[in-house]
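Let's start with one chain on its own, the form predicted on its own, as structure tokens.
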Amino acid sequence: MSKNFLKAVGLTVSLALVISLMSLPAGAAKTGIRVLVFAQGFAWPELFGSTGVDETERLKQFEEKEGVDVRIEWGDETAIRQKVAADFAARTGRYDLVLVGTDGGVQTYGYGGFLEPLDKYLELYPGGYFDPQDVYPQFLDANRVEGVLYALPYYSFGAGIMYRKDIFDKYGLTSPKTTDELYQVLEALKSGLRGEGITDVYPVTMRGAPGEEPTLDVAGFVYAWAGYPAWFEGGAMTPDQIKEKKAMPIFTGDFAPGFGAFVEICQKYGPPGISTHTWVDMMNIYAMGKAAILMPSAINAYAALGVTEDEQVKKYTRFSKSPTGSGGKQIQSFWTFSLGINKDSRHKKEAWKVLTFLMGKESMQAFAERTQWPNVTMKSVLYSDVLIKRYGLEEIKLNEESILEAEPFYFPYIPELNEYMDRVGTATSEAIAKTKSVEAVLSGLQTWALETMLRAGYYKK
């Protein structure tokens, strides 16, 4: 088993429980449902308290009503990913609900047969806590592999630009609609800031740390510059397409322009140390007022608004949609924090009840009330009073447009995606840090990808 398989899937945020109808007779035994997740204290505090270990009255009510005993296990992100992978590999079914994400986990585990298909549950148990008609289709589609739904989304996001309107106004700038305009804006910001002797505020903050994180954004740049998911010849997206067309990796081909643009922007316009920056660094830099733009994962600026003490950041931060690249497509950055049912769970019906409560309207509204982030899955919650009051109707509509215009499938859905995400992100970090040239890291990626696909039998006659 590879190191990357054991690493498995996720992004930062977490999980908890509660769900659907039918009271049981007093004294009836409850079914234990084990949940494995990270982000203790952040996910579902309305159910598990601010510490993540205290059952609230709401959770107890749910457990009593549904005859379940929700047992949640927390840990740091890496440890949880490893536990998910280890449980799947051992086929023990120890955990009923597990954290997966749409950046490798859903794909790797869906193709591997480790996740329970969920479409039949939507048909057999309609209504209740979770209404799929209220969820933006893109967030559900991203959790499908070959058309089969394997997980439900909690908090989710698409791409966008968050920027400081006061700084833009000072230099007579407007939010860029194309990547050509983006370069012009970044250069104008750099010239303006340096011309005033401001050396500790940077035109943009993005993420470039080694590992899988930057790949969500890098792949979005590749998509915008190439005009299609340019990882394999012809934009092949699935194992069958790659095998049928014998589509070779093209990391030194159409993948290269978008990759190079991402690296160049980080190097020329980002803060020092950006090759080590994660989403947390992006958030903190923007929160401290040290960047005029945060992109393309705008959610991290919404997180910054929740922690910043800089009044200018609070007052003048604005959202705009992602720029369109030379390939005619918008830069993407799309992800959902998702939970799936372990294929080896012995209590799948009860696990489904818990899953739909965790991902349902009540939990989603609680997330919006608590975080005041517009990065929610449901239209009814996005247009709820708390978010409209916080951002205004115009910004809420822009967020909705960015979701509706998003393309979740801007990178291939293959079993090896988990490994690719790690390799591409690490190559990005090396190029930004200039430990290797762009050409060298892409050549290395090309060689590794070809060897990986040959070893997996994609090009057999």
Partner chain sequence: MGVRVYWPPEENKLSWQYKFLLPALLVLLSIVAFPTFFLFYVSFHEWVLFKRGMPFIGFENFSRVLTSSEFLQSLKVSVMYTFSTTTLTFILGLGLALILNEQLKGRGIMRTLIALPLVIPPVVAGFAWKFALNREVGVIGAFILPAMGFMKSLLADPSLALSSIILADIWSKTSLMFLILLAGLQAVSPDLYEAARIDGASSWQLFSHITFPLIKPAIIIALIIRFIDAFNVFDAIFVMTSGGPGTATQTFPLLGWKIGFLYFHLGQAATLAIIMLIMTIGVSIFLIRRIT
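The structure presented is a predicted model; accordingly, all values stated were derived computationally and were not measured. Residue numbers count along the first chain shown, from 1.
There is also a form predicted together with the partner chain; it is not shown, and the following applies to it.
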Review point. Does the trio R144, S320 and R390 actually contact the partner chain in the predicted bound form, every residue with a heavy atom within 4.5 Å?
Key: no
Review point. Counting only non-hydrogen atoms, which stretch in 79 to 87, 376 to 384, 176 to 184, 239 to 247 is within 4.5 Å of the partner chain in the predicted bound form?
Key: 79 to 87
Review point. Are any of the heavy atoms in Y111 no more than 4.5 Å from a heavy atom of the partner chain in the predicted bound form?
Key: yes
Check your understanding: Is there any non-hydrogen atom of H277 lying within 4.5 Å of the partner chain in the predicted bound form?
Key -> yes
Review point. Wondering, does S402 line up within 4.5 Å of the partner chain in the predicted bound form on heavy atoms?
Key: no
Check your understanding: Even though the partner chain is not shown here, does E362 get within 4.5 Å of it in the predicted bound form, heavy atoms only?
Key -> no
Review point. Looking at G195, G234, P137, G273, which has any heavy atom no more than 4.5 Å from the partner chain in the predicted bound form?
Key: G273
Revision key, fill the gap. Contact with the partner chain in the predicted bound form, heavy atom within 4.5 Å, among I265, I285, L149, I161 goes to I285
Practice item. Scan 422 to 443 and write down, in order along the chain, each residue with a heavy atom lying within 4.5 Å of the partner chain in the predicted bound form. Key: D422, R423, T426, S429, E430, A433, T435
